[in-house]
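To begin, one chain is listed below as structure tokens, in the form predicted alone.
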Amino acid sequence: MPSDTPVLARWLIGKTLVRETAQGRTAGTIVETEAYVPGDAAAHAFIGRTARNNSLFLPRGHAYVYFIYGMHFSLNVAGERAGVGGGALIRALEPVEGIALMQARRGTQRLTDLARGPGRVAEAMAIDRALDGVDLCVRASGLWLADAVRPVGDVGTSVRIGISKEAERLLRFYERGNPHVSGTRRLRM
């Protein structure tokens, strides 16, 4: 796993995110990420280490799960060495396993709406703060990263979505043309 956050964010495209719960297994191909690098004013780590963002400062490959806007959880993969805050936000998945369970959790049948956007990813995959800090390289954690289940298409780069600070940085990575990628049509091509 790469130790540089933007390289990690790009590397994650095509990998599989797997979640095992008592309800069953769900999995999706990662099709969109955003990098939040050390010193980045838009990053949760910018203010320094706190109780809330502590997991961003764990060694790369650990989960940072946080609650945002008072309504959604989001998942980041810590992307730096221990003590340095940086992470790759998982923005979208293409569902590949446990689709009926994802549909029940999300309350929709539409496949492209199951995990397009970070809040939807968390809801579809039953990700909450209980998973904050787990090692995503260890299957026993109940949430882990696995190899790709299909060849990855062309990967695009763009500005990040939904932020106001340092928004112009080209730190968003996505599988071009994939209907599960979030954002406007212009940001998916």
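Residue indices: 1-based, along the sequence shown. Predicted, not measured: the structure shown is a model, and the values here were computed from it.
Here the subject shifts to the form predicted in complex with the DNA, a form of this protein not shown in this document.
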The DNA in the model of the complex: within 4.5 Å of a heavy atom of each of Trp11, Arg139 and Thr157? no
Contact of Gly117 with the DNA in the model of the complex (heavy atom, 4.5 Å): yes
Hey, in the model of the complex, is Ala148 touching the DNA, heavy atoms inside 4.5 Å? no
Does the DNA come within 4.5 Å of any heavy atom of Ala82 in the model of the complex? no
With a cut-off of 4.5 Å between heavy atoms, is Met102 one of the residues that contacts the DNA in the model of the complex? no
Judged by heavy atom distances of 4.5 Å or less, which residues of 91-111 approach the DNA in the model of the complex? Arg91, Arg106
